[in-house]
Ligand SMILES: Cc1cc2nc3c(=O)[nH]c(=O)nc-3n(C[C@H](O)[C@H](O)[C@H](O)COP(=O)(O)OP(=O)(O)OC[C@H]3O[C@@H](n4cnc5c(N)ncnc54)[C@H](O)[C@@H]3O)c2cc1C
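Next up: a single chain in structure tokens, the form predicted on its own.
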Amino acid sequence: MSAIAIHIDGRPVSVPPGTTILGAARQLGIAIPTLCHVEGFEPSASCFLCAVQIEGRPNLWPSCATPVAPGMAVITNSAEVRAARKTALELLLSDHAGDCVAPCHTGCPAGLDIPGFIARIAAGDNAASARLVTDGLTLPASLGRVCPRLCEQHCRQCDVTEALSIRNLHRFSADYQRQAKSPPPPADPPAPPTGRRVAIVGAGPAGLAAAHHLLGQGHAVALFDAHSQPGGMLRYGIPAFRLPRQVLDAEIQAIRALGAEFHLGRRLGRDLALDNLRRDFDAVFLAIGAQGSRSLGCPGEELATSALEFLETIADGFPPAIDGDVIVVGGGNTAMDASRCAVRLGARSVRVLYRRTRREMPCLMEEVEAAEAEGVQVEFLVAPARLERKEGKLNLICQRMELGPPDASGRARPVPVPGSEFALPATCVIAAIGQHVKTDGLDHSQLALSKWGIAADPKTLATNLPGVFAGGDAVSGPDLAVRAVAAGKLAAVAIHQYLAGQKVVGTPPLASVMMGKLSEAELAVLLRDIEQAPRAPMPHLPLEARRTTFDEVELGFSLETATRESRRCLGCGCGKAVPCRLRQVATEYGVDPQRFVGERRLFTRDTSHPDIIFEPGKCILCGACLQVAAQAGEELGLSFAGRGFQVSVAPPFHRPVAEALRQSGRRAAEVCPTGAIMLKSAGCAGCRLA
């Protein structure tokens, strides 16, 4: 039979009779998206993602099921077609019963694949877990000790018992890599050299993270820092009993081994000029941190010692002599660190004053409890009024406070109680009020500033100066080290785009569905095969030793403890979220998963099969798995069940999927366009449920 000639997007093509429009387009190399189509299967046209326009015909037509006709003129990518595809995707996602990404993963500022590395620990593959942690996160062993565990606040175990000990498991994997005699190689080898050079000002967590990722992309990196050693606040703001120097040094050495150059003792504005860096390098990343200390804000404040200066002298190996009464003013982690250092340096007494209550303290409560256990006295609703020196000793005049209406931060505003002043004698008063970004080294650079520090686009970290990017505390003001690392990773993406001559867009987010709060029945599904055990406690250095040494207080999980704790993970995330075609196309079309959201199907999970996990709430009813089962001659197979909104794919007679797909489970997972049927593996959610 003679070939049929048609035009697709203005391009001619001749194909045999019976060829579909989708097949003809593929012959031309024109990509038409589809979810339900599987080559060799009967077309179902259920997803309608392959819709196209045909000139002279009304409506849109599914290209996977529409045969070509002589003279046909097809349009595959018009505004009308794209709008229809976007709507089809949003309808498919409207009742999707599954999380594309686990809540803990979305709660991590640095985007660490938390379910992935934990699943590998549970499976006994600690080397793979370590590789995932170290490849995906800069300074993982350091962050595994000081991260404030934002991810754990989102853990679904919180709805049942205590959150999974994610940070401690993260530390376990990072330490496994660091201590291994033969560390596993990175998943992706470094790219070949590009010949481009990037200057990074600031060798703290943001700068180190940017260097790590830029070096992996083949760019040369030079880091400049005002201190004598790299690390920024990780070295100079966090005591060794929380973050041992050998841990930080080993992680910095790994970045040095990638090719990073370090130029230390070089201060911006004194030894470096931004204009010169822009001339000598292809791009510049400003990661100068928040190195300025805020004062007490009362008369005599110049008599107080800055907490940052206090901690820095200790980090440099020149701890001050302390033999009397120490008062620390502030309620953040720096205040707790300074107070615990004072204990170790031999202070007779250490007292922390905070102007609000324990509930409003910005620091981690575990740090407060650790300080109190070591003998620090914490007093609330107290603020400094003035600081005096009399006969060689300090006298801090304080006043009692009470909580008033909320201030701009949303916390209750402390209000002085009239006539409540009292005096506290001290040999040393340490101000731990907070930090700020020092921008005096940028006075003549024409760089735009904000009230926090340097002004930068939050999506790309680009500043107003071409080729200059900024991130971390330099942009946000004093913040968490994990957010600084996340900023460095984003900066590396944007700088790479800039150096490659691409449009600088940063890292566009992938479309994601989140189920939100689960019902008791749905939680029971997640808990069904999970080991029920209390949260594993972190072993600590004995209290009597903690008061006299800067040795690390938290000793880390043993292999047995880490394995047991990892098996408490509910496996919330989707094990097919990365290759899932539904998510990929939804991202490409910029869908809003919430556009048609309403009642959704219940989340259920069948883990009875040795090779696959079946989550029918993610099914888009394409029927591909039914055809797989039929071709394999499965005795039971799968079928459509229910009516209307309740239609689903299920084994007949309420039998488990292990009986329905005895021979064809792996093939069904391969053709499934979503996470409804996915392979069990060391990295997928629920893998340990085999």
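Everything numeric here is computed off the predicted structure, so don't read it as measured data. In case it trips you up, residue 1 is the first one in the sequence shown, and so on.
Form predicted in complex with the ligand: not shown, discussed below.
Just one of 314, 536, 480, 447 has a heavy atom within 4.5 angstroms of the ligand in the predicted bound form, so which one?
It is 480 that has a heavy atom within 4.5 Å of the partner.
Which one, 494, 203, 382, 342, lies within 4.5 Å of the ligand in the predicted bound form by heavy atoms?
The option sitting close enough to the partner is 203.
Find out whether any non-hydrogen atom of residue 411 is located within 4.5 angstroms of the ligand in the predicted bound form, and reply yes or no.
Residue-level check for residue 411: no, no contact with the ligand.
Would residue 435 show up as a contact with the ligand in the predicted bound form if we use heavy atoms at 4.5 Å?
Contact check for residue 435: yes, within 4.5 Å of the ligand in the predicted bound form.
Spell out, yes or no, whether the shortest heavy atom distance between residue 126 and the ligand in the predicted bound form is within 4.5 Å.
No, residue 126 sits far enough from the ligand in the predicted bound form that none of its heavy atoms falls within 4.5 Å.
With the cut-off set at 4.5 Å between non-hydrogen atoms, does residue 546 touch the ligand in the predicted bound form?
No, residue 546 is distant from the partner.
Would the ligand be touched by all three of 328, 368 and 370 in the predicted bound form, meaning a heavy atom each within 4.5 Å?
Not a single listed residue reaches the ligand in the predicted bound form, so no.
Okay, which stretch from 538-546, 451-459, 467-475, 556-564 lines the ligand in the predicted bound form, with non-hydrogen atoms inside 4.5 Å?
Comparing against the ligand in the predicted bound form, the contact stretch is 467-475.
Only counting heavy atoms and a 4.5 Å limit, does any residue of 297-335 reach the ligand in the predicted bound form, and if so which ones?
Going through 297-335 in order - heavy atoms within 4.5 Å of the ligand in the predicted bound form - the hits are 308, 311, 333, 334.
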